[in-house]
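In the structure tokens that follow, a single protein chain appears in two forms: structure 1, then structure 2.
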Structure 1
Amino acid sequence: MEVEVKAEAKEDARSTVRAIDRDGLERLLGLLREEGYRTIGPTVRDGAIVYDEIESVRDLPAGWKDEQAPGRYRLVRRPDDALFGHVVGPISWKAFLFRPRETLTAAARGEGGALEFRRAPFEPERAAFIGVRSCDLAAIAVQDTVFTGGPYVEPRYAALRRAAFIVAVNCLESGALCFCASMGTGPRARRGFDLALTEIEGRFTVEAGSDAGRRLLERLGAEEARAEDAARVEEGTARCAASMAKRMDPAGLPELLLGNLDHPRWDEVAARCLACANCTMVCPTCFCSTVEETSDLTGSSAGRVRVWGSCFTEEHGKVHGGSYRPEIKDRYRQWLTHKLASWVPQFGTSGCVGCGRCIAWCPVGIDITEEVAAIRASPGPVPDVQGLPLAPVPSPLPAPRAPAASSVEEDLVPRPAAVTAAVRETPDTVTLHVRPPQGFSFRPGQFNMLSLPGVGEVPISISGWDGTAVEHTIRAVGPVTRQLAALRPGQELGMRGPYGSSWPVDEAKGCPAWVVAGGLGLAPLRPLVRELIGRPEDFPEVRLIGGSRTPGDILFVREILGWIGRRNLQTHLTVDRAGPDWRGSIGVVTQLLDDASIEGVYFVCGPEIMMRFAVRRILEAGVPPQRVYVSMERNMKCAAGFCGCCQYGPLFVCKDGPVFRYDSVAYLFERSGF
């Protein structure tokens, strides 16, 4: 699917500059509506400047300005009747492009009870955004990179973005919390708009920034602006930039923040933070989301609804073993380091545009600029962050990136798949054999998203594939996995995938290959073991180290017994506790790593605490970190990098993982709260 978003302004965009009065602005709004656009702009509602549909210049907030301070927002009267004499309110333009609530997919039972999935109907409206500030232009450009710049394109965002006409407004007065000048995002709109207005003493200069904008100006028939009008725009926006009281130095922020993850300031701010998520709701670039399942009373149809989420909620970081960000400190640190640090290598720009909304709408007045300044004033010892994919902050207004040719939105819609067998592995674990959609293939270590309409969707590692059925080993620990584990042959589920990175099998060619599994971690390692032992000429020495809670919790017992006779495989199993009938080892997995070979390549999967101790032991034996691979587990709602739930420092587990070479995550791996 080809998707194009609004191109940035050309170098000669400001060659078309006109001047209009309020009547001309009224005609402009009328022309936009004639062309089928719904005109949306700033207006006064509930004591705030909000963006809503406007029919006339009379709907604009004439004579109002917003007074802002940390934890405070008030509307007051201006001494004049300027239409755009305010800065920004609690609503940003992302509400019209990345909507707060959106139905993604629908499912129903067709004839004969067959399960059917489809993309939910969606008709993008043509909308003209009136009064977009330069900081919000930058925010739109940032979200372009999130939703249209990766291997998948978010189809709803892309459609709404294509249909949008943007009328920017240059700022001549700064608010008390504005710091866009520091971030390089304003107050002058430079690109990303169709038209840009500057309001000076009741009149407007109008600049065209796109072919669509130039065509509309021609229809408007406005007079050419005088040279002094253009000069006043430059002088006024320069004064506005110089007047900003707030500052943030973006230089070296990724290294500064990711290099001070244990700074005492995180505890200090956590003592104040309420984890209310206000900052993420008003932020124009935050994109985290979650999903809700809906169904009718008969159970014959269901839908998946995406709603805005926040990394400040405990649910955002919840997996079956608990939350990987259990403390408020963890969540605030996650938000700030992502916004200002890890966003840079992910998307090529900072995630902060300097609008100040998060400061104004924080109930306790936490100021993001003060938090950064405090850490910069007393940084800790410079740590080794060499393994993290960091980069200096580039231009804060990147050109929207065209999606890859392989972007296919249908990849995000489940397809029906029938269960052919259900094998009980342990009292709470089942391996489902599922006939996948046509054309299925995978690499060891990848995962699928499995769903049940009206119940939910979860990421499940692929534990086997025989060419006709794909295997998923599922522990029944939550509402979705319990119902998946209860499926029987002939029943259907939804499947999409496979996703993610894989075990680099060929890295172990000719070397001792150590496969280290803890509990359910053997499931994603099982296809790897099968490939390794099936190629003895390439992998003459394979060692499987497996740990379980009890003998009854060991997975794939029959298959493991069959592996024992393989000439290139040694199998060593241990359990935490066992009865007198157990003849194997009792104890933790690490005790089986005492003779770790420095020549080996290590593949490790299991609970994070188990992996930490196992990797430490491997490294203590002198094994280079480049020869160790780990598989991470995170809460995944989309598997395409859109929901933000699997954020792991500068990485997304769904896209960059789940398999990582250890040195690429070592700095974060040893820390809890990420």
Structure 2
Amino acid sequence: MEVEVKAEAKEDARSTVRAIDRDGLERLLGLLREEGYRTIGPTVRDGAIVYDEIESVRDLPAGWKDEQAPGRYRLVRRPDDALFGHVVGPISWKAFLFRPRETLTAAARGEGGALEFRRAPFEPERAAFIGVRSCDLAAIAVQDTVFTGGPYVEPRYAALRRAAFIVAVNCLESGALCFCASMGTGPRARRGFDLALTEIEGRFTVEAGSDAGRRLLERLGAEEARAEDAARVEEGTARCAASMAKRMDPAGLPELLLGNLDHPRWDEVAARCLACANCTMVCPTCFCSTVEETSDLTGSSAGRVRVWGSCFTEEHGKVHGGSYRPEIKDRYRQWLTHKLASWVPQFGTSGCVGCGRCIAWCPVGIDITEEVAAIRASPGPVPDVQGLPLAPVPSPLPAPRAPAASSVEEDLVPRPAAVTAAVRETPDTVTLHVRPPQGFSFRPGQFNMLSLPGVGEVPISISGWDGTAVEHTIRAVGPVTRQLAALRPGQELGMRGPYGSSWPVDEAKGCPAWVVAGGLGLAPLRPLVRELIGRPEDFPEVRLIGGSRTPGDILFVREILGWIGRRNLQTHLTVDRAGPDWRGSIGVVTQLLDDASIEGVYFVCGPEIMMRFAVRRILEAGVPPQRVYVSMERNMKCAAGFCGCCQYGPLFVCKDGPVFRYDSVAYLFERSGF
């Protein structure tokens, strides 16, 4: 999927510079509409310049200028009647590409309970964006990477993006909150457009940046621009850049911010921050979303709807049992470190294009450039950036991080899958055996998204394969898991997957393999244990350490008893509390790690607090962090890296994880709030 084709064809097109007047612009809009584009551009509404459908040059904000300050935006009259004499307003182009509300899937329950899932109908409208500023061209390029850069491609965004025609406008006047010059994104539009306009004294120079743009320019039949007009474009944009009062020094931002996670400035900004999410809504690159489950009263017809979400909401960081980012400080720090630091390893660019929207539209006027400057002015005592994954995260695991060229469309549509058996493990935990859709295969450590129409969708790790069906061990804790755990053989659920990275089994070849599980954490480790003990020649020494609350909570008891006598496996179980007939250990799993082997490879999964203590003990024994693997849990809506909810520093738990080599998460692992 290539959406970034326009940029390439760009440079050689500079030769064609035409000149048009206002009538020419009217003709241009007419041609676009004739070609089937809905023309969207700046227009005055509700005291601001917003992007909306325009039918004519008359709809453009002639003679208006936007005065902006932190938390303040006012329209004022200009001395002239310039059409583009403003900068950017509260709406960004993402509203037309990554739309605020999009129905993803529809599901129905037919006769006998058979499930049917389909992708919701989607008609990509052809839209021409008129007046895209250079900062916003950069923002569109950023979202192109987010949604189409792989390994998965978001099909709705990609379709809207391919259908869009972009008419850029060069900025000759800077707004008070603009800092595109420092971010290297403007004010001169250099790539990523079909046509670019520059408004000079009531006339426009037009240059083409793509074949589609050149064709339209030909149809327009405009005269060649004079050489001095072309020169004035360069001079004007350069003057604009030089006049830009707001600045942000982008140098070393990832190291600066991730190296100062405990800076007192986070508390100061949190006292002002409303966590209202306005900054993320107006940001042209912010891409987080959440999903709403909808249905009729009987649940027989249901759907899933994606809506704009935000890391400033509690829901964003929420899993069963609580939120990973309960405090406003956690949320602001998440936003700023993501935007300016984690974004770099994730997508190869900063997430900030210097448009200034988040400053203007913050009700209390928090200024991103001031926050960065404050931390830069007094960085923490010794910012320890060692071990921070600041370069694009290398993938030591067999994760599905394929290059963009081999990206796959992920439309998030589940397929029906029938339960073949339901085995009760503990009073609240059941293992479902589910016959997966054809062609399904997985690696130990991966997960599926399981769903019930009208009820919801949850990520569930794969706990095994019984020869014909995939096993999922589910604890009934919320509405979805309760209903999944109540399914009986023959009933259907929705399944999509598998997703995520897997336990790198072969890393442990010839070494002691230690499998450390806490509670339900044994589920994603079971297929690993099965593989390890099934290959005694490769894994001569496997140790399984499992902790549970009580003996009654131990999963897979029958299977574990069946493993007794395997010559390459030692099993040690411990419980928090037990009756007198319990013959295993009592206490936390860490006590069973006292003789942790320095040559061992460790696979750890359980509640985060248990993993912290376990990993600490393993490292204290002298095991290098590169030989320790952990499996993380975070909120997950899409499992394909689009929704942003599962971010853990620069990592997406869904596509970079859930299994991580410990050194890649070490610097966040001991912290809360991420």
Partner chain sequence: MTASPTSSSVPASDSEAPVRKPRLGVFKFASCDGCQLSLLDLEDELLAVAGAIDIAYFPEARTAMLPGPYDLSLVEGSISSPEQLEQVQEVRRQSRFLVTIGACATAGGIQALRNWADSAEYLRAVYARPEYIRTLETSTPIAAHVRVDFELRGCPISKEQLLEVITAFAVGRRPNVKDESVCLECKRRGTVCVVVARGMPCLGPVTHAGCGALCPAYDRGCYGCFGPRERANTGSLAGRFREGGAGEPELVRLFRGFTGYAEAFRKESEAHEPQ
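Every residue number counts along structure 1's sequence, beginning with 1. Small disclaimer: the values here were computed from a predicted structure and weren't measured. For the two forms, the rigid core is made up of the largest set of C-alpha atoms that agree within 1.5 Å on superposition.
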| item | value |
| --- | --- |
| Pair member that is the form predicted in complex with the partner chain | 2 |
| G113 C-alpha shift between the two structures of 2 Å or more, rigid core reference | yes |
